[in-house]
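Here's a solo chain for you in structure tokens, the form predicted alone.
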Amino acid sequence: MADSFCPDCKRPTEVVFDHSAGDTVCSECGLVLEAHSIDETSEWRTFANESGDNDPVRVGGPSNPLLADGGLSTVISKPNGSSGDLLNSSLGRWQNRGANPDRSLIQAFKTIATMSDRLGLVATIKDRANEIYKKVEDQKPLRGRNQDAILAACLYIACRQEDKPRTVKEICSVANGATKKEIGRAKEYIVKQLEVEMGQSMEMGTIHAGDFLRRFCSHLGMSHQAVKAAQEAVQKSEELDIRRSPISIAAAVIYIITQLSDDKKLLKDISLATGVAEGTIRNSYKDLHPHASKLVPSWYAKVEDLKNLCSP
């Protein structure tokens, strides 16, 4: 209850709000001070057909500009949750007769969303992958090609363009069985098709070792100081002429930094966390070892400590 001025009582009195009628009533004389008021508070009534469904949501999903109908088409639900009655109903038969032109697109977008969730990617990358797939699908049908590899390649390109690259092995781990070779071929095909559409070379974004470093360090459970030292070492490595892939350089830098710390990591553990073969890490370490004094920050390790590094 709250206080409000009552014209009959000629003074402020306590009022009662009748929620069913929307009336504000004086508690002393019973005068209706306000009728049919609008309740602006949240309403959590369930509008579901089934009694067991307690979902209070009354709105659909957001519109999708990549779909012909914006993703807001009407779907006839199954009565009482059964499958047989729908096929017998006239409305269900009419719905099945009408072919949805976006059915394949919707399924592709769902698969991309699942892959993105498993990799922990942000929504902007997922949306970019959807756009890439829609462009390729509009330009040339993808029948006969490995659909999972195409979708994985779209996600790989989207990560590159959004400056959040993932390794091919990471993409392959969520690609529903598509191999690295198939994803690589699909990526080349998509890039070629989009370059034909745009009439110019496609910008993929530059990959740096630092793009992968923090994630790799997190997988290994490295300390904050070790991660900071590894980041500085990776930045300095870009000034050197090391002809190795950024992923291999990141793995080799992690190996150097961990060997100088109390919490040393085995080469096989680094290989497992980074997806880089042990032999590749050794070869990259061999290239970086002569420059260890320039790469490792002085606050992290002294010159005497660097001499204790194992010879490549």
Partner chain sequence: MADTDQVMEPSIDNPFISSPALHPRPTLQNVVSTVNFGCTLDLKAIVRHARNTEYNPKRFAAAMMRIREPKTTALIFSSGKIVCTGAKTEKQSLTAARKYARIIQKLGFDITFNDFKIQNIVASCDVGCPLSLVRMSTFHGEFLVYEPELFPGLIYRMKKPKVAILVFPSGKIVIAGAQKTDEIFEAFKNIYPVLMSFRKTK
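Positions refer to the first chain, counted from 1. Not measured: the values here are computed from a predicted model.
In what follows, reference is made to the form predicted in complex with its partner chain, a form of this protein that is not presented.
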- prompt: Taking the shortest heavy atom distance, is T206 within 4.5 Å of its partner chain in the predicted bound form?
  reply: yes
message: Test of understanding: in the predicted bound form, would T167 fall inside 4.5 Å of its partner chain by heavy atoms?
response: yes
- request: With heavy atoms only and a cut-off of 4.5 Å, decide whether M198 touches its partner chain in the predicted bound form.
  value: no
message: Using a 4.5 angstroms cut-off on non-hydrogen atoms, would K126 count as touching its partner chain in the predicted bound form?
response: no
- request: Name the stretch, out of 23-31, 241-249, 263-271, 278-286, where some heavy atom lies within 4.5 Å of its partner chain in the predicted bound form.
  value: 241-249
task: Output the sequence-ordered list of residues from 285-300 with at least one heavy atom within 4.5 Å of its partner chain in the predicted bound form.
output: H291, K294
